[in-house]
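Consider the single chain below, provided in structure tokens and representing the form predicted alone.
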């Protein structure tokens, strides 16, 4: 358990322009003072992240939202009341206080309030909103444990070890049109969940809106070993030195390693285990990984989004 003293120490690092990895309910974030452009630049350098990929800003109170964003309407407060703290990021028109480096020069900023005690206390003690993408090298597997962060980012200033994350998939990202919401990145909170609060927009999403959300590059979340999805053209592949990432199926051919996302087809369990199992297989001595697809319903849509992007550069 992370102590109050450890959180206060990490908050001082944030205040001084340093980088802190911390747990949220989704994945571990790599945080810096969102209002300090030099500190935010260190995130991009440490992650080897391209400057065109904007960051999400994490807050601990609605008062922070009102400082960071402009043109807030009642729908934002309805969403916040229903889904915050929680795994929902809302892309909104940014205020002048938000440095351009945070938003990759766009006039919008993604904001969320994480549902994690350590994250919320860190933000409060730091006294500033915290910009934080996932705490990994750009394009690689997202971290759901502190050791995943240490593996990829061993030289950052501080890591708060809060154990395993409880959702395991990055937040849902949405933006608002005049007639409702649109989803820019799939996550735990689904279209059906959101439609209980607001209508889904019938307007098309434009390119700037797509670019306003992280996680929309075709190749992302990738292990350092080739990953394929079962059902793709795998003819001629010898799987004796390969791994199978299963959603409950026992494969009908020989594999060196079989790891289960869920043995009984539970999508929430599969989401929690997805990145953890990919880290295990990345660190194993297999030659490549074949993943079983999951049903594209509920959080399964987000799981398949991650698997397809993880496999993209190998197909």
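Bear in mind the structure is a predicted one, so any value in this text is a computation, not a measurement. Residue numbers count along the first chain shown, from 1.
The discussion below concerns the form predicted together with a small molecule, not included here.
- For the three residues 10, 125 and 162, a heavy atom within 4.5 Å of the small molecule turns up in the predicted complex in no case.
- Under a 4.5 angstroms non-hydrogen atom cutoff, the small molecule in the predicted complex has residue 112 among its neighbouring residues.
- By the criterion of a heavy atom within 4.5 Å, residue 49 is counted among the residues contacting the small molecule in the predicted complex.
- Although the partner is absent here, residue 91 is a contact residue: one of its heavy atoms lies within 4.5 angstroms of the small molecule in the predicted complex.
- In the predicted complex, residue 106 approaches the small molecule with a heavy atom inside 4.5 Å.
- For the options 276, 53, 64, 282, the one in contact with the small molecule in the predicted complex, meaning a heavy atom within 4.5 Å, is 53.
- When the small molecule is considered in the predicted complex, only one residue from 32, 59, 27, 261 comes within 4.5 Å through any heavy atom, namely 27.
- Residues with any non-hydrogen atom within 4.5 angstroms of the small molecule in the predicted complex fall in just one of 193-201, 150-158, 71-79, 127-135: 127-135.
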